Ligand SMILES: C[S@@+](CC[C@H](N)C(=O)[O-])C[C@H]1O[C@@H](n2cnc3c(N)ncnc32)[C@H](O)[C@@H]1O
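In structure tokens, the next block holds one chain alone, the form predicted on its own.
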């Protein structure tokens, strides 16, 4: 059995973490930028409106906070593609105020833009090690971990002995469906460029979160754990090119927010709201150090 099969079951199986147990927020297992401050969604909303976006699909959607802030700040029509019954219920409650401007979808539809905020890191992945001059894959047999000779789907650099790499499973298949239904894709996640993995993550990036405590490597493979890995942004860029998209901008999340007007939005607020949101602003700009934003657009003929 491959690691991706184990993770698929632990996260998305009948009783998986995201299906029944997910707990997001400061009192939960982890929190994301939309939980930190509505300024995040306001800035994303401004970025999308500046590019003429009128319809938007968010993949995943968590508890609906990003979509809530986007719809509050713009006149965009929003949709969420979500497979978790638990999260669908929470999203419906949090977004009911927007009426027909928001809907859930059960299959991909065409929209002006798709947004993936901390989605790819939560997809199933496989683990590889470069050992004895060859790539080998960690698999499970009779409840034990062993190595078989097998290479990553898409890793294009020479590596050193003992290097471990956690690779998103079937990323091309996942992204191709999105690329086929839009001309703009915004990916927000923690990750590295391909050449950075051997430098910053030579022992892999597999981890699990439970009540803000982090477990590394195979210790993360437990029921009730949010299992994750770092995204390979170089691979997203390659897959975009293969599907007719080019990277229009790519930078750290904090830089993206500043460049696209978060300070101007903050300064436009009244003093009471500024006081309320100042702490979240600092967290957004200084805490999400490994988060990056990649914006891709379809080639225009």
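Positions refer to the first chain, counted from 1. Treat the numbers as computed from the prediction; the structure is a model and nothing was measured.
Below, we turn to the form predicted together with the named molecule, even though it does not appear here.
Note that among 127-135, 165-173, 111-119, 69-77, the stretch whose heavy atoms approach the named molecule to within 4.5 Å in the model of the complex is 111-119. Distance criterion of 4.5 Å from any heavy atom to the named molecule in the model of the complex singles out 60 from the list 261, 41, 240, 60.
In the model of the complex, the named molecule sits within 4.5 Å of a heavy atom of residue 35. The closest heavy atom approach of residue 83 to the named molecule in the model of the complex falls within 4.5 Å. Using a 4.5 angstroms threshold between heavy atoms, residue 123 counts as touching the named molecule in the model of the complex. Remark: residue 87 counts among the residues lining the named molecule in the model of the complex, judged by a heavy atom distance of 4.5 Å or less.
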